[in-house]
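One chain comes next, on its own, written as structure tokens: the form predicted alone.
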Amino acid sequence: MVKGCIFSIEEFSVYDGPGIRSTVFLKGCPLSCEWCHNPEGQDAGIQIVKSPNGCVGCGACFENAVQENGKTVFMERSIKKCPMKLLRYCGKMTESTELCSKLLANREFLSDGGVTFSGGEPFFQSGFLFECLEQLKGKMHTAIQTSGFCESAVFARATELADHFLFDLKLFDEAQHIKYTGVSNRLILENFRFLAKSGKDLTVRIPLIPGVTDTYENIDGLCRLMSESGIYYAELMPYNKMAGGKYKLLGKTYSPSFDETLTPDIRADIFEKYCIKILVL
């Protein structure tokens, strides 16, 4: 039995697939997107995070921390010593049977919905993900929200198990993709084309990052890819200017290279040119 590390379960979600859903957020991601909204999902392990709100500056948490590679790492004793109770664990190890039992117990409340596995990147914990999907298959609707970055054999197996995919398409140009996410998009585009041919239910999601993903060249490239793949619907996710709020919890500084004060361009005319219907979330 494979154990997985999750950092959140969001109940009664209406934005992560059809119907009302439970969304399970798995830790670990091979991408390092500049605009990441869930930085606590990047690291695969359990972390201790500290809220900056209400700190009295007593230093008790640091006195009970250790230094690793020049970074401060809080320990369990740091949690206990904080007088304001501002430190907590982020991440919990669980067996697939335990998680699936909890999800199945709530299925009667999920009207026309099911469970969505998100992250992080769910495929970062593919063994755990597949165990969950196998146990849930035929019992409740399952969806995977993914960047599409994983080996083709792993992705192919997922199409046999999951009912629906929420596929994030970010950047069409490989050099730009490497610059802003840290990885090539070759596997991503390969898996997207495979998924489109598979006949599986698929929802394309495009994050609109000002000056990065919302450019004419990028949206045109993504629309051309979708059109060639027979996909004519996309959900657009405008950049959230509050994206950097969580970084302080991890002791990190949010400093994107793009101008986050700008409003992303929807580029509705390009989607219309390719006959692609859009929904702005």
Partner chain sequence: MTDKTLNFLQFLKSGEYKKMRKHAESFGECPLTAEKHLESFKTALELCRPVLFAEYDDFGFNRDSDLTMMWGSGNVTPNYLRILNTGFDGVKEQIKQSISNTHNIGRKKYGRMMLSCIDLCLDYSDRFRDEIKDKNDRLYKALLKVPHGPAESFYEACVFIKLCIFFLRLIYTDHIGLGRFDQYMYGFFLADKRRGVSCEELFETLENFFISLNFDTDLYWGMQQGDNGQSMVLGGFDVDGNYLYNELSEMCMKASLELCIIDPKINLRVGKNTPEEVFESATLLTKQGLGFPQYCNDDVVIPGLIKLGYDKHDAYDYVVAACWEFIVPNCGADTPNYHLLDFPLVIGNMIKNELCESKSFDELMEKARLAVANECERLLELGKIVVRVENPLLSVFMDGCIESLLDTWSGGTKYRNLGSHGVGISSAADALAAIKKNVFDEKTISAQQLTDALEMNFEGCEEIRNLLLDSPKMGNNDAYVDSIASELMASFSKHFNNKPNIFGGIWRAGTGSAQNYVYASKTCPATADGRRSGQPYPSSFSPSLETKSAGLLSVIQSFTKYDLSDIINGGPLTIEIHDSVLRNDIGIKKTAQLVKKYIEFGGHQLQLNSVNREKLIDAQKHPENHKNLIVRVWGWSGYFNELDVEFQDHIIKRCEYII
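Numbering follows the first chain given and starts at 1. Rigid core here is just the name for the largest C-alpha set that superposes within 1.5 Å across the two forms. It should be emphasised that the depicted structure is a prediction, and the values quoted were computed from it without experimental measurement.
One more form of this protein exists, namely the form predicted in complex with its partner chain; it is left out here, but the text below deals with it.
For this session: Can you work out whether its partner chain is within 4.5 angstroms of a heavy atom in all three of 18, 79 and 109 in the predicted bound form?
Result: Yes, each of 18, 79 and 109 comes within 4.5 Å of its partner chain in the predicted bound form.
For this session: Please name which of the stretches 181 to 189, 131 to 139, 80 to 88, 163 to 171 has residues with heavy atoms lying within 4.5 Å of its partner chain in the predicted bound form.
Result: Heavy-atom contact with the partner occurs in 80 to 88.
Problem set entry | Distance check, residue 281 to its partner chain in the predicted bound form, heavy atom within 4.5 Å | Yes - in the predicted bound form, heavy atoms of residue 281 and its partner chain come within 4.5 Å of each other.
Exercise. Do residue 9 and its partner chain come within 4.5 Å of each other in the predicted bound form, heavy atoms counted?
Worked result: Residue 9 belongs to the contact set for its partner chain.
Exercise. Does residue 105 reach its partner chain in the predicted bound form if we count a contact as any heavy atom within 4.5 Å?
Worked result: Yes, contact at 4.5 Å.
For this session: Decide whether residue 66 counts as a contact residue for its partner chain in the predicted bound form under a heavy atom distance cut-off of 4.5 Å.
Result: No, residue 66 sits far enough from its partner chain in the predicted bound form that none of its heavy atoms falls within 4.5 Å.
Problem set entry | Members of 238 to 258 lying within 4.5 angstroms of its partner chain, judged by heavy atom, in the predicted bound form | Read in sequence order, the lone residue that approaches its partner chain (within 4.5 Å, in the predicted bound form) is 242.
Problem set entry | Exceeds or equals 2 Å, Cα of residue 44 between this form and the one not shown, core fit | No.
Exercise. Core-aligned, is the CA shift for residue 60 between this form and the one not shown 2 angstroms or more?
Worked result: Residue 60 C-alpha, core-superposed: shift of 2 Å or more.
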